[in-house]
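Same chain, two forms, each on its own as structure tokens: structure 1, then structure 2.
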Structure 1
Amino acid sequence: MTRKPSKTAVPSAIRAGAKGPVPARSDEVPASNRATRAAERRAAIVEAAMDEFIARGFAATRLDDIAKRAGVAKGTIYLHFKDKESMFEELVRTVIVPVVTRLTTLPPPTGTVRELVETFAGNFLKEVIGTRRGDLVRLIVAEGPRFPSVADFYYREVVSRGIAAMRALIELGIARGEIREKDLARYPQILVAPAMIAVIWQSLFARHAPLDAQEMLRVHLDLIFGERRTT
């Protein structure tokens, strides 16, 4: 007696009469591909969030608008972020924190402290002034008082690192005799004040009175270190 072949032994493509390969089910897609697509969607959401936050401000930005700009369903956002605040935090981690980490990782002090400060502040001006990072900083300055948790996060992730780096440079300058005012170590914010002024000035008053941030920085450092000697 001839046994009939088991259905499970027949390829699905033949059973369906398919002429080409059968598309893989979602659960058959390699995990690496799924992870790549998820990372791409997350990046697209963060990029769209940055555009929306800059254009509308933190308070007025809606998740619906972010989803539309990113080309995803609103529900997809909740697969990656629990709310608008966590999305903004991810934006800071992605866009600003790497820059701060790079800027505050200063090389061994082979030159003068002033040269190190000039390098730090110069790179800050180049990577923040006139860029969307500067727009984010201005957004935090403008709306931080209304959203203290956002301001607190930015302080922990960005400001505290910058202050610690500046205080270390000031203390080194005092120890070397380059900085005479020892109380400056208590207020490291003074050292980088021109950079913050430039960020705010750029958006508010630059069209009325363009600001040479580099030259302002030079004058500021002359007040702290004394005029640079020319040979």
Structure 2
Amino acid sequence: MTRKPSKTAVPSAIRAGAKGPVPARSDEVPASNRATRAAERRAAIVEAAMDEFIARGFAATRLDDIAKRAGVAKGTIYLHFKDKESMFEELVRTVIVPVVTRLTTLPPPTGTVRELVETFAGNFLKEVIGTRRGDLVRLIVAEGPRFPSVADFYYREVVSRGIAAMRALIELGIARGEIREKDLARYPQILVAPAMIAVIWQSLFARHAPLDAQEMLRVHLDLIFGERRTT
């Protein structure tokens, strides 16, 4: 059957002579070729989807809103993603991977263990705490139970690696005599716990009581490495 144009009014799509075919997008970039345009669109969708999912959660997010925000028609989303669920899953992967890569790109192993940990904490502070990526972490905590594949992915790619890296640092610290508490190596979670709390705090309670995450992390490191003799 033909897509009957509509019984009344002129078919919107046939505005003869209309020039701007896609006026929605804010930045009018005349993408060179198709492949590039497609990649840009996909990126725009991911971007928009992240904002919407963070703001409303998975179930309450409307694909219409994502499409609108991305400056794309709803159908276009389905050219890039199978459905809402797999869009969410791919989104998490797409956003998380680069962050992990960047954070695990350790600096040259020079200096004390404390300095290594401080560098890591500094990066985490800058890249995650209080940023949209931090909100994404909160989102994963929120939706994880309903998306086993996301939880699995997150555990495998982020948590287990992070724990292993922290454990290695702790063991190095113990070996060098910088850390006294030997059992800490059994629970690297303790090392990162305040950082995670900071992420959640910024999302939920920043408006009630601002938290100086940097200073809190410093105090925590003092607790683990012993008071610091300032720089």
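The first residue in the sequence of structure 1 is number 1, and each one after it adds one. Note that the coordinates shown come from a computational prediction; the quantities given were computed from them, not determined experimentally. The term rigid core refers to the most C-alpha atoms you can superpose between the two forms while keeping them within 1.5 Å.
Between the two copies of this chain, it is structure 1 that is the form predicted alone.
Listed options G57, I96, L184, A206 include one hinge residue for the rigid-part rotation between structures 1 and 2, namely I96. Two rigid parts move between structures 1 and 2, and the turn of the smaller against the larger, rounded to whole degrees, is 18°.
Relative to the superposed rigid core, M87 shifts its CA by 3.5 Å between structures 1 and 2. With the core fitted, the CA of I66 sits 4.9 Å away from its counterpart between structures 1 and 2.
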